[in-house]
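Below you'll find only one chain, the form predicted on its own, shown as structure tokens.
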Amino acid sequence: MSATTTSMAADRFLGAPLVATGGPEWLRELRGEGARRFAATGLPTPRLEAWKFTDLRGLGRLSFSPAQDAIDIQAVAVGRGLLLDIDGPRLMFIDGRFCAALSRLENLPAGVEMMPLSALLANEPGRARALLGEGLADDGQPMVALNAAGLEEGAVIRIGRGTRVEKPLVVVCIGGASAEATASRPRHRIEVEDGAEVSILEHHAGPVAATAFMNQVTDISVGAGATVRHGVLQDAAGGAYDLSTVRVRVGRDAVYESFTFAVGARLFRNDARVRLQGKGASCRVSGAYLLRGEQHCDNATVIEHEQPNTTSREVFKGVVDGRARGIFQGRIVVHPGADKTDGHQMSKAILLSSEATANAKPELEIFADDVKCSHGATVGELDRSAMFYLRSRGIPEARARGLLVEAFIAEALEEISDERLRDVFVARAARWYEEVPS
């Protein structure tokens, strides 16, 4: 991409409604810095190694309108089954705006803070400045810089020292609730203090036929000895471009588990970057994707082992039908001095169509001694002998294929240690199996 083309691509995204205005001077300066960083790069292109499998030219041709004030939120919610039956605290955002009517923040457990970013900006500007300023660094990621340029809303969650939260905390982000193409750019900030334990479920959703741009950034800090289980159900609108970045810092002897389940959106990019910063820290960064039509899902993970005796595990499994494309790019980095690191990653994909595509690019970068790291990737078709066996027992072809797909994905779902989160993903997967065309 030429410099002129890059500039034009940036200019298209650096006006209203993608760039926010108003607020205190420090917030305007923070947004301005994000806009300047994005202006220098524009949208990432396949010329960048990290984006070699994902082309955003379709997104670059869209024009976006401001979110509407009058939205039939109940119709949107019921139409997409937005986890409203889960018993626990909930934050709801529609086209980037906080929706108090469908949120549930009363009677929060002791030691739990959960609020929209707009409330923190209004009531505790000093604390908001400290939190947001700390997360400005974009690590050279254009979409994080663009998110900063539009920063004004998102979820703020803090779990106090030693607090054990019994029920999952839910954050729902709906994109495309308006009639016109809309853009949302929530910035979520999650702090889990030493010794605390919590499960958090994000749901990206939207009307089936809507066009939307969802540019989300989630920053998570896991204190010493804490445990965070983080689930993401990506079931966005069929015309949505969902570009999500998750950045995690894991402290001494702490545990971070994540599972990203993608079934929606026209294009989904899951950028997960985990830094194991304390001795004995561990993470599980796993996921699954079920794609059809012309959907595109790119899982790009970077796990950095910065201290000795740290552990990481990744298992991603995908099923790709139609002309869809599934991608796994996983990089494990073992820093100097991070001895006795144990890192493992595995990617497996099944193609249900001759036009479907799956790509895998596992990488290891090791700069320490006495480590144990491995990676592997496979792409194939459904087991023909298993299919024959099921058909010979009188099971129709469509049902037999659904059973084999279900069994294949089940291994990835077993990575989820919280049964309540697992049940959500299993239920959504079951719906997808039923929808598989015969």
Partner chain sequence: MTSLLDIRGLRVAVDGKQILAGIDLRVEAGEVHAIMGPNGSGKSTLAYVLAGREGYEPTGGEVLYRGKNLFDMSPEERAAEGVFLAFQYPVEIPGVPNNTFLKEAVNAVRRYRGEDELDAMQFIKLMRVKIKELGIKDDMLKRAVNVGFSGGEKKRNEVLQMAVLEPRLAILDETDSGLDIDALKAVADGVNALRSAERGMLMITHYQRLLDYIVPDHVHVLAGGRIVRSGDKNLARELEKTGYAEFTGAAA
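Numbering follows the first chain given and starts at 1. For clarity, every value in this text was computed on a predicted model and none was experimentally measured.
Heads up, the form predicted together with its partner chain isn't pictured, but that's what we're talking about next.
- Between the options V379, A39, L404, V371, the residue in contact with its partner chain in the model of the complex by a heavy atom within 4.5 angstroms is L404.
- You can rule out all but one of 57 to 65, 31 to 39, 44 to 52, 386 to 394: in the model of the complex, only 386 to 394 has residues with a heavy atom within 4.5 Å of its partner chain.
- In the model of the complex, its partner chain lies beyond 4.5 angstroms of every heavy atom of every residue of 139 to 173.
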